[in-house]
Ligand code: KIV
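Below you'll find only one chain, the form predicted alone, shown as structure tokens.
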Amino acid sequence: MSSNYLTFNSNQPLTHLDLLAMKQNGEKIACLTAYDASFSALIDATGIEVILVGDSLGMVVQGHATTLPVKIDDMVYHTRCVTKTCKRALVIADLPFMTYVTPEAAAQNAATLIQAGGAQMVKLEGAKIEIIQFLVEQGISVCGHLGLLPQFIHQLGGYKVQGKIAEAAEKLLVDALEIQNAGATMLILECVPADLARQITEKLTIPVIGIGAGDGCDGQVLVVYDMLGISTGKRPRFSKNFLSDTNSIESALKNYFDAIKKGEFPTAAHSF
């Protein structure tokens, strides 16, 4: 693993300022989901900079058809498991469905994820500008999420690429800028056309992490079970099985990390 990576030689816990420096230096940011202590330790040891405790656990851990049944207590439990063994990576935890309908509710639930779960940042879906501003005013670090929003799945009518038409693309760009201006320190773009994702990434000063959003983002995130080929159901087109070419999970994680750093993942085959 190359020591040229900006954050590799640091044994200190990473912060959003380290990720911002990576964006400014043109170094790709690697992120993976984790939901337990064992995967957290393996991912952290690889050098991956960000661990996302996603409400995707509702599907890949709990076996639900969507993320909607996930409760705040579920998120606190799994976040606490992750942070017990994570020493270096920045840990982001999702605010689950209907836990941020008001600024006050969002702040209370975010505080629980931070105080009881140990998260350093919380993520919420959509251009919830007033809520993001309120959280930031309370000292809470926020990651936005645009594009395909799993918590809006019934409204969207399925897991579909977002921003394909000009009007929708323009709205995504405006929303991204507003999220940044509200004080968010990171943004995730999910299932949007690669050209649009690149445009948004270039417009924003905060790091933009893509999932199914092409190679023009500042970094990439995948669900760990997807990139190991062990999820139930069909693997998303934008994912890749990194375990298929090696004989260990540790090697698969390292290959994922290196592929992102070298710009070898995602390819056009993993983009829209």
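The numbering used is simple: start at 1 and walk along the sequence shown. Quick caveat: nothing in here was measured; it's all calculated off a predicted structure.
In what follows, reference is made to the form predicted together with 3-methyl-2-oxobutanoic acid, a form of this protein that is not presented.
Among the residues I211, V208, I43, V50, the one placing a heavy atom within 4.5 Å of 3-methyl-2-oxobutanoic acid in the predicted complex is I211. The single contact residue among V91, I131, L172, I188, judged by any heavy atom lying within 4.5 Å of 3-methyl-2-oxobutanoic acid in the predicted complex, is I188. Contact annotation: L228 falls outside 4.5 Å of 3-methyl-2-oxobutanoic acid in the predicted complex, judged by heavy atom distances.
Taking non-hydrogen atoms only, L204 never approaches 3-methyl-2-oxobutanoic acid to within 4.5 angstroms in the predicted complex. Contact between C217 and 3-methyl-2-oxobutanoic acid in the predicted complex is not found at the 4.5 Å heavy atom cutoff. In the predicted complex, at least one heavy atom of V221 sits within 4.5 Å of a heavy atom of 3-methyl-2-oxobutanoic acid. Checking 53-61, 22-30, 241-249, 228-236 against 3-methyl-2-oxobutanoic acid in the predicted complex, the stretch whose residues place heavy atoms within 4.5 Å of it is 53-61. For the partner-free chain shown, just H145 of 135-151 comes within 4.5 angstroms of 3-methyl-2-oxobutanoic acid in the predicted complex, judged by any non-hydrogen atom.
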